[in-house]
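In structure tokens, the next block holds one chain alone, the form predicted on its own.
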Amino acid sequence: MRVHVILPAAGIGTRMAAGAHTAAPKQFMELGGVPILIHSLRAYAAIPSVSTIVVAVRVNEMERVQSQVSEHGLAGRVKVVEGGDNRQQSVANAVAALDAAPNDPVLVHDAVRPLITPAIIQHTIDAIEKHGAAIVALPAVDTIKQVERTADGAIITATIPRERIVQAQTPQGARFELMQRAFKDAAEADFVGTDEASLLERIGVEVSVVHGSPRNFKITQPGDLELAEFYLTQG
């Protein structure tokens, strides 16, 4: 068995750019003096069972990423491919670039979740081997309300029991054959999902949940970078 990892990193990062007064996509901003993307790549390169890491980026960023990968000693572990106009297209391009066996686990991880731990990665791999598909998620802490949008704002229509809700993180993944089928079916139906799990759910795959970590957050707003810096200094 070989494990394959995909990092979609073709996003522009407009929310981070607007807040930080910089045009740099957030995956290329530095955390502890190292690009956020490199932190994420290093986390997976350190897992012995991971044989393939594919990062999908915009065509005009491919040279920069290849240079960063080489600079940080990852050239032999990471393959750079062209991303798409959205996350789903980027992941689909990377899936197409994989040389994988049907039962090989394929993990997809947000490039801007740099604080993922080896334990969570391994638990996700184990869950995919056992169940076929898995995502990392956290239980909801706050009370969740379902609302209806109106011209005057939102009106609550229901309270959703917290025990039935989780907040999705990454990695998310499945056996290669399931991932291929999910993306093929979505493309044929012109369906665009919010994440890989939504595509797997759509074709009837049961997706197991692996307990995540508050530290495994997605760097989206300028304040997130300061929080990530703090966690990084705490080890």
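Fair warning: this is a prediction, and the values are worked out from it, not measured in the lab. The numbering used is simple: start at 1 and walk along the sequence shown.
What comes next is about the form predicted together with a small molecule, which is not displayed.
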{"property": "Listed residue (Val112, Val78, Ala134, Ile116) with a non-hydrogen atom within 4.5 angstroms of the small molecule in the predicted complex", "result": "Val112"}
{"property": "The small molecule in the predicted complex: contacting segment from 86-94, 117-125, 139-147, 67-75, heavy atom within 4.5 Å", "result": "86-94"}
{"property": "4.5 Å heavy atom contact, His211 and the small molecule in the predicted complex", "result": "no"}
{"property": "In the predicted complex, His39 touching the small molecule (heavy atom, 4.5 Å)", "result": "no"}
{"property": "Interface membership of Gln169, the small molecule in the predicted complex, 4.5 Å heavy atom rule", "result": "no"}
{"property": "Non-hydrogen atom contact Pro222 with the small molecule in the predicted complex at 4.5 angstroms", "result": "no"}
